[in-house]
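Two forms of a single protein chain come next, each set out by itself as structure tokens; they are called structure 1 and structure 2.
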Structure 1
Amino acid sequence: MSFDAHRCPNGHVTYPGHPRCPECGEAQTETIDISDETGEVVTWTKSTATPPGVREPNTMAIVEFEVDGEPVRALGQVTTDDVETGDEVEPVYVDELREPGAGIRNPESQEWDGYRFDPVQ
């Protein structure tokens, strides 16, 4: 599975993708796999009150990547509770981020695999 950011003809990059670029309204025509990139933690939290089917505690971070000079952010779980703002992290694939069907969403309505963020040592 790739970790795809999406780009429009005007160079705006988002994660996830949208039918039209939120910045300029153009169609997003290109995907860029950022699974081999590293990013920087913008902010994070450790959640101790988690919904059904979610690990507890659930440490999450907003991470900023750079794609050809354009910033793009992603939210994700962190592999460890030992994280700080400014840390450099890399994506690590996980085949199930939360238990499908345990929450209110129909399990068939979306994919449940994805990437966690692991601090770069």
Structure 2
Amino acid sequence: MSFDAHRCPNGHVTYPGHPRCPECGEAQTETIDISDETGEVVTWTKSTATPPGVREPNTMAIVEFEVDGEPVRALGQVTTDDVETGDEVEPVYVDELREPGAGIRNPESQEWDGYRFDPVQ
């Protein structure tokens, strides 16, 4: 599974992708797998009142990656509660970001895997 950022012909990069670039309005036509990149924690928060099936507490961070000189930010779960602004992290694939059997959706109606951010040692 890839962790894709998206780029328009003018070089603007976003995560997630959009039908049109939020900066210039051009179609985003290229995907860039950033699963092997490292990024820097811009900010983070810890939620102690999570939806059904989401771990509690749940630490989330906004992480900034640099893709060909362009910054791109992604929001995601962190693997640990021990994170600080400025920490270097890397995406790590997990089978379940939340418990498929909890909540109101049919577990087969969507995918549950994805990426969390793990501090680089």
Partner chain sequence: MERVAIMGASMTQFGQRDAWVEELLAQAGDECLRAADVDPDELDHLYVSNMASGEFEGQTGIMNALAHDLGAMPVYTQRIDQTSSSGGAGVYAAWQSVASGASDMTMLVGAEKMTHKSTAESTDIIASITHDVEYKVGVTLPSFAGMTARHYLEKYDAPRESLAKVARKNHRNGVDNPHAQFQKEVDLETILESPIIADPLRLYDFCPITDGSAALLLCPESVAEEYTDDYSVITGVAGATDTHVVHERDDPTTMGGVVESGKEAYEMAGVGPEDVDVAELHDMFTILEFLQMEGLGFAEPGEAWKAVEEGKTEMDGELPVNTSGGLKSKGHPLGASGVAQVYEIHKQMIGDAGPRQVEADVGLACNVGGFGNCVITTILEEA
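Counting starts at 1 and follows the sequence of structure 1. Just so it is clear, the model here is predicted, and its values are computed rather than measured. Residues that one form lacks are left out of the comparison. Each form is matched to the other, and the largest set of C-alpha atoms that superpose within 1.5 Å is called the rigid core.
- It is structure 2 that shows the chain in the form predicted on its own.
- In sequence order, there is only one run of at least 3 consecutive residues whose Cα atoms each shift by 2 Å or more between structures 1 and 2, relative to the superposed core, and it is 99-112.
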